[in-house]
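Listed next as structure tokens is one chain, alone, in the form predicted on its own.
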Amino acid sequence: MMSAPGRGSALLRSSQRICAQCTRSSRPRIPTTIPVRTAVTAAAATTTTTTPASRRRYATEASTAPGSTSQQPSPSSRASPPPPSPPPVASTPPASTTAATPQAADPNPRHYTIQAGIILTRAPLLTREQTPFESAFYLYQKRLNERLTAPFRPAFYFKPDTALDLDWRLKLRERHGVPAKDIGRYNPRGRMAWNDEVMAGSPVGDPDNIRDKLLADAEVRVSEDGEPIPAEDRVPVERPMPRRTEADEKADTRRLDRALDKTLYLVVKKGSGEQARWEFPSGLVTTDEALHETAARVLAESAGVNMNTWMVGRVPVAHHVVAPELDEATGALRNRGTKIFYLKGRILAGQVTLTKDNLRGVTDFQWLTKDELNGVIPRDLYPSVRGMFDLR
């Protein structure tokens, strides 16, 4: 069954009908009289032409403006194309005598030597200490979680009348009926459950105080026979290591087990006496080396090969320039300047090993924090490298 033809409807190939659009196009067009002015000669003449009203235009056809001639204008009526305009000439501003040029900024690039260095770092091993506000906020989060979660079911974890069940009851009595071990004296099911905040600096939220309570609660109160163990006979739980190590107490800047919550940076000492200078390992870049290759070679020559290190990237993280020394009278070069590109590295294992025949002339080394570096490395070097220091 054939559907009735409509606007834009698809028809079968065997159908003798045509669509409505073709029907409209096959109808005789009604001419309309449209006055159009044409310029055939110098004298203006007015003619009347007939133009179909339903004229369709496509991108390939020239559009006829209301003031143009008929659809096919005569050759004499065609306007000659305008002559091609000459290309615009860019005006050159007069040279300024005050404009800085590369040659004026750096008259002779050969006055500098290119060096590559490495800033070797040890990442923090501990999180930083909490502020009083952070300690109070973490305690509030624990109390809020205890209030919103389901009540603790001891029967699910402890078999009745066993040593573990008796030990749990004794500890619960010591905590005044609070199941959680690190939220202080707080009842999440009582009428004062809404009061779950403490003041900043309160000993209830102090991390050291919470740590002592957790260690005391971890001690076994009941023996395997179900008998309570006296306080003097209880086996204490091993305490965690302190945040400050022996190297911190002795201020040994050569050791890596110090300032565990901060980043350490390796600096080496070159020269002796008044010529001694603390700096990051660096050396000249040869023509057959890239920056990261020179940095790795200089590190091995300065600090030895008993370290497992990782070059973080091949893009410099800092740049330091030492200006050359020129003669004031003649302008002759006395000492070449230096452009040092520093790359970042990480130490994963090992330690610096110095020998008497050190290839870089290094006599000592230190692992310092960014605050300690400010008073050790040269003053002109610190502003150039401080942008790559970590937040802690």
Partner chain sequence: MSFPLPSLRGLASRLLSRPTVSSSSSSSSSFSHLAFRSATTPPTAAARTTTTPPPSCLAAAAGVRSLSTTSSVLAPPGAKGGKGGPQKGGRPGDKNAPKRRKKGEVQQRDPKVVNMLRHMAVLSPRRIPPPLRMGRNRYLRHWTIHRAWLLFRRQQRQLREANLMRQYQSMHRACEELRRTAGPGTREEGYLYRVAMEKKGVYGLDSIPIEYARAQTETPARVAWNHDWKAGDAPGKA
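If you superpose the two forms and keep the largest set of C-alpha atoms that fall within 1.5 Å, you have the rigid core. Residue numbers count along the first chain shown, from 1. Values in this document were obtained by computation on a predicted structure and should not be read as measured data.
One more form of this protein should be noted, the form predicted in complex with the partner chain, which is absent from this view; the next part is about it.
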**OP:** Using a 4.5 Å heavy atom cut-off, indicate which stretch of 141 to 149, 271 to 279, 173 to 181, 222 to 230 touches the partner chain in the predicted bound form.
**Re:** 141 to 149
Subject >> 4.5 Å heavy atom contact, residue 351 and the partner chain in the predicted bound form >> reply: yes
Original post:
Does residue 346 reach the partner chain in the predicted bound form, with heavy atoms at most 4.5 Å apart?
Top reply: yes
**OP:** Mark residue 201 yes when one of its heavy atoms lies within 4.5 Å of a heavy atom of the partner chain in the predicted bound form, and no otherwise.
**Re:** no
Original post:
Taking the shortest heavy atom distance, is residue 163 within 4.5 Å of the partner chain in the predicted bound form?
Top reply: no
**OP:** Taking 4.5 Å between heavy atoms as the contact cutoff, choose which of 314, 250, 185, 191 touches the partner chain in the predicted bound form.
**Re:** 314
Original post:
Tell me, which of 300, 215, 256, 322 has a heavy atom within 4.5 angstroms of the partner chain in the predicted bound form?
Top reply: 256
**OP:** Could you list the residues in 206 to 224 that come within 4.5 Å of the partner chain in the predicted bound form, counting only heavy atoms and keeping sequence order?
**Re:** 211
Subject >> Core-superposed C-alpha of residue 198 shifting 2 Å or more between the shown form and the other one >> reply: yes
Subject >> Core-aligned CA displacement of residue 316 at least 2 Å between the shown form and the other one >> reply: no
**OP:** Would you say whether residue 177 is displaced between the shown form and the other one, judging by a C-alpha shift of 2 Å or more on the superposed rigid core?
**Re:** no
